[in-house]
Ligand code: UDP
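Okay, here we've got a single chain as structure tokens, the form predicted on its own, with questions on binding and movement later.
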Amino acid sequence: MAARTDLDRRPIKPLTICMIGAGGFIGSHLCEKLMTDTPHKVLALDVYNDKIKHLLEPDSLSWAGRIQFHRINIKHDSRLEGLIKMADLIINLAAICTPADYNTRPLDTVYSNFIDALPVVKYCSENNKRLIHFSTCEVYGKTIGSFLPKDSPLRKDPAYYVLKEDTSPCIFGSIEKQRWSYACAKQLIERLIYAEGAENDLKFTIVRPFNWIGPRMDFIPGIDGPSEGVPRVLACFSNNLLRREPLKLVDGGQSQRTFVYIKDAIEAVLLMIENPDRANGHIFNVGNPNNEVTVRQLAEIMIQVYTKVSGEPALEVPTIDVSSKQFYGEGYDDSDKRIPDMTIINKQLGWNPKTSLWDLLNSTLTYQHRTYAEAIKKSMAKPTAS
């Protein structure tokens, strides 16, 4: 592999990276990138390794020996500190991050995103290890603009809804709206990490993903995940499309979101990994403000893309409206818009997303149709017990 340099043209030294949550959607793509394009080593920590099995076997792979899988649950495993000590950099991706869980499993959500992350931060600080911690765009909560009157001209001013890492407030719903358990836990661990940096010189970077989309995201219920449970919006819609069911629009699908392709986002993370002087001490939005749509518009585009990918005609009734209470249960609340300001990441790392919404959905749905269509047929063909 040719010598590689960072953004300041300095040679990049091979790192040993301890990646917690390596078996998930983001972790699997990041492991792929590190194995195929860099000389870095990865200690991959997770409970499951299904999404990275193709990187672990066979032994003849060109990167064999540079990735080791350690099956551990960081809640109660004494090996965690030892693995952190072996690494130059720790990346923490572990989290419960499915909206359907936030108000049905609020205790698990708070524990997973705050309590379970505490030892990771502590061991990094005590052992002088650099930490890249994955947070969420949900820490911003609701926009200032959402509280303005519907007819206010200020609603057109980006200052009231574009989300900036260093100035935007974090506005959550009331305590009874347990949907905010995730955002609150994520904000609190961010504040703890920031405090460790200020008081104990922890070298850290915080990542705030804005809807990263791509192959291997989430699960299709009953196929590669539990039969019960509700995945995030893209997998929910994919599941409906694959099963030829109407797409369910929560509260009319009026919430607005931006979506970024996982491979674009992983490029941003690699820049953080290999440019510590530019990344340390920063919080980075990672999203694509050019790919903003309402959830209803997302559903309409996915229907068009899937019709092209699968060759199947759209349903006569392609979408149905459901209430958030009916879909998620009591205690659900939502943010109106999530548009990332990209000033800081562009200035520090020169990163900009490239992939259009149509292209990233085409890539994702092509993968899902190819991978899951046959599995769905097999599952439907299985004989039932008499």
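Counting begins at 1, following the sequence as shown. Note that the coordinates shown come from a computational prediction; the quantities given were computed from them, not determined experimentally.
One more form of this protein should be noted, the form predicted together with this ligand, which is absent from this view; the next part is about it.
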query	finding
Residue stretch of 150 to 158, 276 to 284, 250 to 258, 194 to 202 approaching this ligand in the predicted complex, non-hydrogen atom distance within 4.5 Å	250 to 258
This ligand in the predicted complex reached by all of 99, 138 and 328, non-hydrogen atom within 4.5 Å	yes
Selected contact from 242, 295, 301, 162, since only one has a non-hydrogen atom within 4.5 angstroms of this ligand in the predicted complex	295
Residue (of 131, 305, 185, 233) lying close to this ligand in the predicted complex, criterion heavy atoms within 4.5 Å	233
Touches this ligand in the predicted complex: residue 211 (any heavy atom, 4.5 Å)	yes
4.5 Å heavy atom contact, residue 338 to this ligand in the predicted complex	yes
Residue 32: touches this ligand in the predicted complex, heavy atom cutoff 4.5 angstroms	no
